[in-house]
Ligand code: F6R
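Just one chain is shown here, as structure tokens, and it is the form predicted on its own.
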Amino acid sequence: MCGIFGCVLKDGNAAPLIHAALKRLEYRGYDSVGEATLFEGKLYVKKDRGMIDEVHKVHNLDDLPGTIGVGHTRWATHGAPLEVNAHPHVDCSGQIAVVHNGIIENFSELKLELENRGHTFQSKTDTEVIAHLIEETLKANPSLSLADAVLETVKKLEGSYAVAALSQREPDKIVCVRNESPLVVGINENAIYCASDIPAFLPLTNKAVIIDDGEIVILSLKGYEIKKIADSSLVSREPKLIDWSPEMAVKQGYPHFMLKEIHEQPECLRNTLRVQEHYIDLMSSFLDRARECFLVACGTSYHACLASSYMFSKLAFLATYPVIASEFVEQHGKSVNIDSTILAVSQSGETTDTLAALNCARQRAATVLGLTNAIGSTLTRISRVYICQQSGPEIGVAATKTFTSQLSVLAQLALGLAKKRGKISQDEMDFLKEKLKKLPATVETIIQTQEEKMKQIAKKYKDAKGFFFLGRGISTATAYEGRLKLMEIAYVPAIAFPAGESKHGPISLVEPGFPVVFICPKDETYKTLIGNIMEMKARGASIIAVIEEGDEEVRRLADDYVEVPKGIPEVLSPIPFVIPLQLLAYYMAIERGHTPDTPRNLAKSVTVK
């Protein structure tokens, strides 16, 4: 997620203030930085790729003149991390500057339309269309104010956005709009601020106004004016006093980044549904031509690959082989060839074992495809086609939102391939797409309704010496991921198996009180799974079940249970069913006195073999 800051000052230079505020937003993650200010009716812009300190050393961000300006830290989703793609972006005349956090779904169509009208684009970003749309709107109707032009512009946008815009025509104002991307306003007697997050202006003021979705706000030294985008009606909203410490503010009031990121998953899932159809279609074309397809990854990403192998098989009738990256060369290195396709999944795009596997495959002329969260990473550079999962930076070491985002993109790929191959009916395709579209709200419901219950379960089992995680079918991948989270951050030894394998050895560990977690969607494996639950229960295990709402049969067998909304298709079930397991791991870590964000011996990106 990008970071935005803007300010209108009564006195002094805006640029150093913007610079300092962007430093306070560094925790959001970024690959480039930029600032724009207005002075004596002229727009000034400085930007480049790299860390803030590096860019400042080269460009001196503090010497931009003026008492009004905006700044931005960018996390690339469209266009590589390059100076030309850094924000702010300007229109053809260089009179309008915008910064943007979010994803514009229909930017390709808008860009083509604007190019046909004579506009010249400098970047590969989705954001630049906003500046040109404002310019075009003002050109068509010069009497409009900047606020009115922004209002008309955003009515043409599809997707998520928090935008702050400057114009030489009105050098005393910043106009901001919000839809599904965070935006807050800060006020004191000598200045007014806008930002993605409260920490950006917390040292300057503790008075904040939260801007809601579908609102436009005009900032000036007179104060702030909020209107509804839909009908321009005025909104009255008083500032709130923020009593967070700077550390709490960085985490938006959550005690840890991991919990914050668990709660961000609905928003991240909405963003993954904005992946451009063109890239889904292109990648599914490569998968369709493959004689053999390997899904290669490590850790959590491998679990996403394992789940997606069921998706590809059930929806597109494509046999795929999920492989742990560190084993790929030994297991398949000699057999891959020009007819092989490798889909690599890596949050960072820099995982050493994954890149080593891909180098081996490329030497044997295999096709490499990539799914990552980091544009500009090595994985994006060596892939024939890559997709950015668009979940934003993840600070906590244990992957949560990146896992569910990967699953969402992989599900879209499986559906795209199924459509290309004609393997499912249009009715089923429409049904699954509708269910996928509803998953963000489903996940939101699970977090809201089941978090407290998961906290109590963690309290009950905090002294357990070990755990089992069992599932069948696609839920096996969910079991593996739940077990990994518990081991990573709570340091509890845990075993995960397909439930049918539990009789082939693991069941010997079960004794009275031994906690066994079952993942229990009502799919084709349901009846068989109940038999596995009864086997464990007969040996005295304490059964913890993740069930669908209204599942009385498993509820009667379980010692503890959490519920997810009913009606989730089997192939999409890992996304909602993993949420309670993430919460279990988090609260187990808290109960056992461990810090979830920085588990011992682990790093966010594993770049050594």
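Note that the coordinates shown come from a computational prediction; the quantities given were computed from them, not determined experimentally. Note that residue numbering begins at 1 and tracks the sequence as displayed.
As for the form predicted together with this ligand, it is not shown, yet the points below apply to it.
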Inset, instruction - Spell out, yes or no, whether the shortest heavy atom distance between Leu484 and this ligand in the predicted bound form is within 4.5 Å. - result: yes
Legend entry - this ligand contact at Glu488 in the predicted bound form, heavy atom, 4.5 Å: yes
Inset, instruction - Answer yes if any heavy atom of Ser346 is within 4.5 Å of a heavy atom of this ligand in the predicted bound form; otherwise answer no. - result: yes
Inset, instruction - Using a 4.5 Å heavy atom cut-off, state whether Thr300 contacts this ligand in the predicted bound form. - result: yes
Inset, instruction - Could you tell me which of 184-192, 80-88, 519-527, 393-401 sits within 4.5 Å of this ligand in the predicted bound form, going by non-hydrogen atoms? - result: 393-401
Inset, instruction - State the residue from Gln265, Asn101, Thr272, Thr351 whose non-hydrogen atoms include one within 4.5 Å of this ligand in the predicted bound form. - result: Thr351
Inset, instruction - Since the C-alpha distance between Gln276 and Arg28 changes by 3 Å or more in the predicted bound form, give its direction relative to the shown form: closer or farther. - result: farther
Legend entry - Sense of the change in Cα distance from Thr442 to Arg28 in the predicted bound form - at least 3 Å versus the shown form: farther
